[in-house]
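Quick setup: the structure tokens below cover two forms of a single protein chain, split into structure 1 and structure 2.
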Structure 1
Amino acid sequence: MSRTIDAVVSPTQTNTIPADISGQMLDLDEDDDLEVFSKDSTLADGNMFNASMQTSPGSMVNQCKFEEDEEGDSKDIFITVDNPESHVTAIETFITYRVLTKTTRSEFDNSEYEVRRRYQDFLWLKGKLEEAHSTLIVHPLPEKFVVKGMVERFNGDFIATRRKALHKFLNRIADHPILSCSEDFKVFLSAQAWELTTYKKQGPGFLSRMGETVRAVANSVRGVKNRPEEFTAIQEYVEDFSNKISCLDKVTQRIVKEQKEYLEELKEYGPTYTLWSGSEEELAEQLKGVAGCIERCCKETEEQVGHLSDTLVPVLHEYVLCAETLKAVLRRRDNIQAEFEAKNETLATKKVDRDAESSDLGFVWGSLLGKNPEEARHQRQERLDGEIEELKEEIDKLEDRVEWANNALKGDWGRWQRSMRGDLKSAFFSTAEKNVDYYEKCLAVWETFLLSQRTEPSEETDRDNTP
């Protein structure tokens, strides 16, 4: 079940069918046990696609069930990212990539879209998805700049690596049962450049976004008090996983480096035998033979290093980024819970306030303003009651939000773990397979040489036997 990252996406192993909003059943040709989501009528009016608004948690929970991965060709959307092109304007130079979408989903007007997107657009999409689904796990984007090695943004290798990562990013979203239904995602895939620019400008303004950020910071400072055990367990796992995967990433990059240095020396080694053969008569053939073997092993080594760089290194790197994403998701979940807890505390305080004996201060003020103390107390009670009612409503909403956030995370967590296992297993398997292949090819090279040597001794034995 190995995944290859090709230019054209091949059907993947995870298959949960996204909701079909128009009420038409999807074409389930082969597999009967593919899940079809039940639909809520609220989806029909496209609520779900207004991602700039927090969707009602209740409806969301009803819609999407996170089921076990199913085998089968039920993908109804195929996305490729290719064709990087450089654009030069007066202000800047940047690269755009062609994003090609083929889909049978009915929320799309056409069945095919071809647009050009730049890295910034991908960043925007990711941001929107995380904003709308703060406790879902969005696959990481390749980094803005590669820290080590390449500094130049327009280096061929850098662009190729980035393109592959962007391709994977979009496909992961397309595979995700909830994220792939996002309106932002749809716009990203289908809108022309100017349309996208206009669309981006919609939504909560700068100030309200700032407000969100401030709240988030305040919440994280406050901290969560009663985190459920399972999330603590997940957090501990993520910490450990992050360490391990970073280690593996470093080790693998080191192996690539050592292997490349080995290759450099090996390239100089073969020619020393060729040089020697020039001085010899009897030995010339053997020496050239050895030189040839070394040369062929060089080619195999080069291929093996290439495979390592193309297959294992990117996957490990992706999961290093994933670990950071997971940490952020857990933080956001904590913040949601913290906000809920904070509101509860405020409620408790207000209740205490209301039930408290009328404060002397209030009485004094009231009398100063010429109010009847009884009236003042009554007014105050009413006011507090109103506030408490409001708070209770807010708390209900927050409670729902916490519940939904937790469920979303739990569901996505299982999904993420499965795909992590699948990805890493296949990457390591593929590496081991390539290494076996490498040694087998080198073995053949040397065995052929040996064979050619062993047939010659027949001349030697004749010579020894003559008296």
Structure 2
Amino acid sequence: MSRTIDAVVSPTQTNTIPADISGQMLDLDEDDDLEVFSKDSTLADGNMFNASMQTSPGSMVNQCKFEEDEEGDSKDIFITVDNPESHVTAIETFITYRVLTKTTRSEFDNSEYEVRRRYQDFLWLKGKLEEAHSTLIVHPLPEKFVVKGMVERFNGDFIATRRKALHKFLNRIADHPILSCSEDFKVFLSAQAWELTTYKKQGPGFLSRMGETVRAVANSVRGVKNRPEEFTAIQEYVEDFSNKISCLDKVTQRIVKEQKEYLEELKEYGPTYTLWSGSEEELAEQLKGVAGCIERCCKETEEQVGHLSDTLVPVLHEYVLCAETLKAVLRRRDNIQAEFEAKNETLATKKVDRDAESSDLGFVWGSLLGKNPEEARHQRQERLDGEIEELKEEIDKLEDRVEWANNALKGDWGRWQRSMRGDLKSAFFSTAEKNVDYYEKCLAVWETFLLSQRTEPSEETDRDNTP
């Protein structure tokens, strides 16, 4: 395990950031409990229909193959989040999810665990990981679902989406060489509900957390004077990435909304032709044929919209949240460096004060106060020497902390980029393949209709000659 950790935070591990990333950028929400759940909502996932037509065998997309994850064989912890259940108490209604874990790690007492967790437990785990590893990138949780001005129940789609996001969240932690070794993560996976509640109470008190918050705010206000260029480049990349992924996320969600509206209109469109065929005997065959084509295209459109909602939209929005997570990680790194710089400034001030005590000015002030000047000077110098030694020790520790934070972020930055590019590439390929499949099937439907309406010349002549 130590070898893996060293590899991640090794100071020699660097990642080159292109000077011009605009050409390489990919133009591109999940949840604290509202604690409201519809008791009669359906949680089962189901397909609306089966595809009725085959994709063209000549499709180039069908020939695309994805490389398998080379790290898959070394995976030693497997987690599944499933089986959401509603729980009703006197003051709230909330949802829990079953978390199944299978592992071969020696630090676990058993090889399999089954526990139930609510969203607040996932939120606690994320907070503990960020607290212990401030410059490692912890992937985001689904956003908090807020209903303003109305009472609304969780539906099956919402719960299914949240469950998938929580499943992905835990497995990303399990795949991380450092985060997966966290004691908090182990307790989350293995402890029963009452044990987890007891464990949570062992954390730092309110005043301690408040002190950390105040210190972080002070460092943030003070700012960093000498940020390394590589982290400035990362910050610029993240800002650019955030703008592009947010734009693409909004446009994609708008497209999905419009396609759903189109689908509803399409469902009303076909029956109109069917009704019309009842009053147009000469056009009845053609009208019914068009109605059938619309019905089949309607089914394909429904599947295509569902695929877009399940495949592309969640990935894009996950990385919108990831961009905000990255900004927070960079701020925490800056805060650590700002504290280090502030301590150095304080040390320099203390040294100046100590030197001033050796001057005639210190002698004069001691005489005015009626003290033995030499004794007073000696006491002040001893006090300053002690403060300076304490500051040096703090600075040494902060210097180590800054170095660890920088190396940890650099290692995780490369890991995050590989993960991001792989996820987006997979989502784009899958979306492209589905689009090709959708348009080929719709094209085949209408081509079949046209072929059915063609008549041979001899048949047309006989029809014309019929008295």
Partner chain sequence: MMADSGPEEIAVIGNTDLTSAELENNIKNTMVEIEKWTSLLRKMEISVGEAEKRTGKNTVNMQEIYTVYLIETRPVDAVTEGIIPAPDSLWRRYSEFELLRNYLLVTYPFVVVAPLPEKRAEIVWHKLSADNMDPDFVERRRVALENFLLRIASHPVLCNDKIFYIFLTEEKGWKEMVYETGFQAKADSRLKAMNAAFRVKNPDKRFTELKHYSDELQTVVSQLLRVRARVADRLYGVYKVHGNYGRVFSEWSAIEKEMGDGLQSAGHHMDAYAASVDDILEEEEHYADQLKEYLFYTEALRAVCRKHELTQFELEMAAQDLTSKKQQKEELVTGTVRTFSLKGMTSKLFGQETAEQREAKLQVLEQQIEEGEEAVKEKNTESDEFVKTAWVDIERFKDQKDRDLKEALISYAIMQISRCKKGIQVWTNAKECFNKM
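Numbers given to residues start at 1 and step along the sequence of structure 1. By rigid core we mean the largest C-alpha set that fits within 1.5 Å across both forms. These numbers come from a predicted model, not from an experiment.
Asks: Tell me which of the two, 1 or 2, is the form predicted alone.
Replies: Here the form predicted alone corresponds to structure 2.
Asks: If we fit on the core, is the Cα of residue 394 displaced 2 Å or more between structure 1 and structure 2?
Replies: No, the C-alpha position differs by under 2 Å between structure 1 and structure 2.
Asks: Tell me whether residue 344 is among the residues that move between structure 1 and structure 2 (Cα shift of 2 angstroms or more, core superposed).
Replies: For residue 344, whose C-alpha is compared between structure 1 and structure 2 after core superposition, the shift is less than 2 Å.
Asks: When the rigid core is used for the superposition, does residue 131 move between structure 1 and structure 2 (threshold: C-alpha shift of 2 Å or more)?
Replies: No, shifts by less than 2 Å.
Asks: On a rigid core superposition, how far has the CA of residue 284 moved between structure 1 and structure 2, in Å, if you could check?
Replies: Comparing between structure 1 and structure 2 after core fitting, residue 284 shifts 2.8 Å at its C-alpha.
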